[in-house]
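As structure tokens, one chain now follows by itself in the form predicted on its own.
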Amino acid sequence: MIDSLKDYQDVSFEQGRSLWQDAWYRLNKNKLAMLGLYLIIFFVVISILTPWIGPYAYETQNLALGASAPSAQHWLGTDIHGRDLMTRLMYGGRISLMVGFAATAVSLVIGVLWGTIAGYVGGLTDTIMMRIVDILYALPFMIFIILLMVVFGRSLLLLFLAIGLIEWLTMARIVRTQVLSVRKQEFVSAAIVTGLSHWQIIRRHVIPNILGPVIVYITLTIPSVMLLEAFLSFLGLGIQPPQSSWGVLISGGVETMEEYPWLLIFPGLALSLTLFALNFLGDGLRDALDPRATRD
């Protein structure tokens, strides 16, 4: 019996992984997703450090220099006002990323609250709330944003709110579907029996179990918001001078792309790389957080 006990003690057991550890393990094996994550981190860090690492001051102009091609002094060239394009690109990245993250945060708060209440309460409340979402879906939101910007002025805060207020609809539908599924689980019934309030059940049991799909959709919403901001800036309804975003730089580059192609190529490349990175990361997170995926 002593030998059996020693043999039992010598047995090594594989340590299990939590859901989030397992998701990170899966994500880490996805090379494209990790590349996207590193690119996003790179752009965010560069945007934060821009005031300290920018090669020139944002407002510095050299009208005598004008638009010049990339050189040793100006690695990405200059615009028609003699401003360093790399500096404007770095500052523009701050605005574009800020719009993407801030507007997504607005849509996240509204969409999660709306979808959670509709899915958890159910019944007539769910029907009314989701019919409101259907009605809002039918509205021409691009015209709504344009009218909003024209009537109330073109400010960065208003841009955050306007874009966030139209991006929450899909988030609400996704959250509602997940809540309907979680609400039927045994642990929610057990929480009700123990006497927890509805808010406690939602906060402790419902929301934590729908975070996976929500996180994935966030990574797909940010590029959608950035594209919308770029489109509005291209139309002259987004970020206004002297501020700049990648959309503004692309808009200016289109006007002079035949004479000064670098003014379009570099902002377009920065925006494209960011959008690709976010989409790669979103696809990787979707696969990593899929509970039906087989364990490697």
Partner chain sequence: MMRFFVGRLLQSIPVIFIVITATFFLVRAAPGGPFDAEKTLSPEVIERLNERYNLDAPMYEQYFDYLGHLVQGDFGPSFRYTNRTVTEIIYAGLPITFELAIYAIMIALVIGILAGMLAAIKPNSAQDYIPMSLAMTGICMPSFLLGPLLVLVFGIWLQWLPVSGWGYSPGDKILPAITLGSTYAAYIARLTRGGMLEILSQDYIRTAKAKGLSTASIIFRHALRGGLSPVVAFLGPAIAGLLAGSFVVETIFQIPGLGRFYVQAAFNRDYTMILGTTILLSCLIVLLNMLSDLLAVWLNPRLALSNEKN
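Numbering follows the first chain given and starts at 1. Just so it is clear, the model here is predicted, and its values are computed rather than measured.
Quick note: we don't show the form predicted in complex with its partner chain, though the next part is all about it.
Student: Give a yes/no on whether P140 approaches its partner chain to within 4.5 Å in the predicted bound form, heavy atoms considered.
Tutor: Yes - in the predicted bound form, heavy atoms of P140 and its partner chain come within 4.5 Å of each other.
Student: Is L235 one of the residues lying within 4.5 Å of its partner chain in the predicted bound form, judged by heavy atom distances?
Tutor: So L235 counts as contacting its partner chain.
Student: Verify the contact flag for I40: yes if a non-hydrogen atom of it lies within 4.5 Å of a non-hydrogen atom of its partner chain in the predicted bound form, no if not.
Tutor: Answer no; every heavy atom of I40 is more than 4.5 Å from its partner chain in the predicted bound form.
Student: Within 4.5 Å, heavy atoms only: does L161 come near its partner chain in the predicted bound form?
Tutor: Close contact is absent here: in the predicted bound form, L161 is far from its partner chain, nothing within 4.5 Å, heavy atoms only.
Student: To verify the annotation, which of these, V109, L157, L147, I128, has a non-hydrogen atom within 4.5 Å of its partner chain in the predicted bound form?
Tutor: Only one listed residue qualifies here, and that residue is L147.
Student: Report the residue, out of L264, L27, L35, V44, that has at least one non-hydrogen atom within 4.5 angstroms of its partner chain in the predicted bound form.
Tutor: Going through each option in turn, the one that passes is L264.
Student: Within 249 to 269, which residues have a heavy atom closer than or equal to 4.5 Å from its partner chain in the predicted bound form?
Tutor: Heavy-atom contacts to its partner chain in the predicted bound form: I250, V254, M257, E258, P261, L264, I265, G268.
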